[in-house]
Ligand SMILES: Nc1ncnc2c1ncn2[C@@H]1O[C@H](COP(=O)(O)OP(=O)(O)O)[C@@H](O)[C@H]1O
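As structure tokens, one chain now follows by itself in the form predicted on its own.
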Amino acid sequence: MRDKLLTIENLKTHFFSDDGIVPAVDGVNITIKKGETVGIVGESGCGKSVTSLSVMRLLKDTPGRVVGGSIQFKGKDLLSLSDREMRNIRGNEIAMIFQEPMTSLNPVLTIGRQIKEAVGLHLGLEGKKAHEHVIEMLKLVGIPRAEEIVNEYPHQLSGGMRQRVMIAMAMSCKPKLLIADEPTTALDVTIQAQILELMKKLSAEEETAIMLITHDLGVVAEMCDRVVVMYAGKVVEEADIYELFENPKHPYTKGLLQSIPKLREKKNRLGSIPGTVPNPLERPPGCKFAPRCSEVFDLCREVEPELLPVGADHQCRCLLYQRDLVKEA
């Protein structure tokens, strides 16, 4: 058994606006072990990215605020740390690859200077040693002409190259946990495959755990050990990667899997999930997926199901598997 590295318990992150309170993350529980890759999947607006930003404590200048729960990293409660203590962990022990590298990289600083800031702050490297370390990291992520790229600016690089720079920056201090938020979005499939292979290689070599946030189940199948499926701010299913693909339980997970193209299928029509994610200010009572569910029954619209075991290392939030609760009602 690998040691627990990150434990998120009953995390609640709300956004406060003039229109009301938005429960973007509503009681989420996630555990990541050392060296493990866990995929967080779901449609846009389900709370995946807000969960990661809560872990990194990067909601300070937004209307969002963690209002409940705990985030334990190597036994430390990240929510109770001072800003200075959190800065020592952020970028050092926990690093993040953001969704769009062009907006994450500083356009007026060279690639080398941006990576040197991280290694100088956390590793204490300066001058020639820092420069050599930056070049070594750029070569590690497969960037050609690293000695020249180190002096170039983000706008001079392609999207794939910028994403590699982001990975080099994130891995430069050899973090224990890497949070990757849609790391291959907007990249062509060839570059996407290279980036994923690179992340797998770095994870294996450095025993880095990865929280991979994506909506692409193909990427999940390629990368992950376990999968957490989120919907409307809650975890609706969690299982081992093979178990989830072979034996999905929640109707939402089944819908996501049916929307994946299959080369051997005679029919070319893809499955789809009707409707849209509910307005976070007007979420329905009972099961939040009920208005879109093909297996809905009356009680689903009244009772909020719990996330309960449905097998070995498999949990699901659905009344279809909570017959005792249905009978009692």
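These numbers were taken from a predicted model, which means no experiment stands behind them. When you see a residue number, it is the position in the sequence shown, counting from 1.
This protein has a second form, the form predicted in complex with this ligand, left out of what is shown; the following refers to that one.
The stretch among 66 to 74, 27 to 35, 44 to 52, 290 to 298 whose residues place heavy atoms within 4.5 Å of this ligand in the predicted bound form is 44 to 52. Not one of 106, 153 and 157 comes within 4.5 Å of this ligand in the predicted bound form, counting any heavy atom.
Contact annotation for residue 22: at least one heavy atom lies within 4.5 Å of this ligand in the predicted bound form. Residue contact check for residue 321: none of its heavy atoms lie within 4.5 Å of this ligand in the predicted bound form. Although the partner is absent from this view, residue 62 contacts this ligand in the predicted bound form, with a non-hydrogen atom inside 4.5 angstroms. Although the partner is absent from this view, residue 286 stays clear of this ligand in the predicted bound form, with no non-hydrogen atom inside 4.5 angstroms.
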